[in-house]
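Single chain ahead, written as structure tokens, the form predicted on its own.
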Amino acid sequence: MSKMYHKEKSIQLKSSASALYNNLSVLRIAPRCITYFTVVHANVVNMVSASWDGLNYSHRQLQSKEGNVATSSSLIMQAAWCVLPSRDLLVLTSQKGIQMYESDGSIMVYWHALDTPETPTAKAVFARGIAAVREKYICVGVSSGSVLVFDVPSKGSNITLSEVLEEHKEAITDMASECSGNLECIADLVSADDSGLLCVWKSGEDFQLLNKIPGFDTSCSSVKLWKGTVIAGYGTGQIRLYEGVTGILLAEVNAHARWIYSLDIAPFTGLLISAAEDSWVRVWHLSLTPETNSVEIEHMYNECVTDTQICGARFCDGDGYAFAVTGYDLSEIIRYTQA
């Protein structure tokens, strides 16, 4: 197998990565030739902006908050950028609620408190799973199984909770919107939960459930939606590809020996990255043939990050030219670029 990628200089973090699914988010800002990275550590988010020439790095740490009060106790579950046509927001989900910031982390523009039960229950309360959908929606999953749909104006802080989707019975693990830019795709959101159930949605003033794809009682930890195809990674180490609207299983790959923590797709090239507890990062290539409704998945590249439980892997651009990886207890972001 050819040496497709080589290792670049790592980016140091102020604190190490927690063992959370999808614990890395990347936002590329081409006009300024910088890339933002976020990694969650317990109750803080490490944010780094890195110039493309590798000379300038700046760090910021965001605390988990309750309203406008910084609370040290509430664990953050996920941080992710939501790219909408009119603005980019950084969304943090925690045990207390949902925080939305301007993309550089400078100003918190919105806070949504989670309903915490009056009497302590055995079930943890948290938000997890973040996706920007179409022109103006940000969807966030909750441990009850609900999916909260927020309507985001093109500027300002008048963000409203417009709808709550109640199809999942287990905690939401991840969510993804259609990333190919193809407006003809009917499905534009997929949500996944701890039982492995996938729900496929069409967005709008009222979100429509298009399909429910059963999960065989194994958690789906990471999910993507590309050209109408749902790509799901599971606790079994498997990757499954489904046609979103019909739920037909198109392909199944035994990709990893242990729990998958992160999937990402480069929408322009169909490169797929998978990363797991087994220390392996793998790059695949997807090719779809719409006429025959078939998909091919080809294994392209492997990288072993020795003795590291990988918890985040993201492409740094739409072509998959570079990717970045985080690992549990690792205080750095490891980067690879195409050779």
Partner chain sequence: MSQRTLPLLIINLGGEMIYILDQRLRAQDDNDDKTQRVMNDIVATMFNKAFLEELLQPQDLYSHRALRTVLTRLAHTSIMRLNQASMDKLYDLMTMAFKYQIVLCPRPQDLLLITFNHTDTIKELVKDNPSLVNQINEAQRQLIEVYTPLSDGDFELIRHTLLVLFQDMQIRVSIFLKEKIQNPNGHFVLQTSGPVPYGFEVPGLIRYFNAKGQEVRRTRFPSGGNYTSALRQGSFDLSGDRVTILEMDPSTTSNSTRKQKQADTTPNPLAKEELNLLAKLMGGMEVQKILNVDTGFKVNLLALDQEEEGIGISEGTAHESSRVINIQATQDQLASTELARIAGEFDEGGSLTEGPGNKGDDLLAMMDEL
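Because the structure is a prediction, the values reported are computed rather than measured. Residue numbers count along the first chain shown, from 1.
The same protein has a further form, the form predicted together with its partner chain, not shown here; the description that follows concerns it.
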Revision key, fill the gap. As a check of understanding, the residue in 75, 159, 84, 245 with any heavy atom within 4.5 Å of its partner chain in the predicted complex should be identified as 75
Review point. Pick from 97, 145, 237, 228: which has a non-hydrogen atom within 4.5 Å of its partner chain in the predicted complex?
Key: 237
Exercise for review: Check whether residue 217 has any heavy atom within 4.5 Å of a heavy atom of its partner chain in the predicted complex, and answer yes or no.
Suggested key: yes
Review point. Quick one: is residue 322 in contact with its partner chain in the predicted complex, heavy atoms, 4.5 Å cut-off?
Key: no
**Study point:** Residue contact check: residue 302 to its partner chain in the predicted complex, 4.5 Å heavy atom
**Key:** yes
Practice item. Classify residue 256 as contacting or not contacting its partner chain in the predicted complex by the rule of any non-hydrogen atom within 4.5 angstroms, answering yes or no. Key: yes
Study note, to complete from the structure: Note: its partner chain not shown here; in the predicted complex, the stretch from 151-159, 229-237, 199-207, 174-182 having heavy atoms within 4.5 Å of it is 229-237
Point to revise | Joint contact, 34, 53 and 110 to its partner chain in the predicted complex, by non-hydrogen atom at 4.5 Å | key: no
Review point. Across 302-317, which residues bring a heavy atom to within 4.5 Å of its partner chain in the predicted complex?
Key: 302, 304, 307, 308, 309
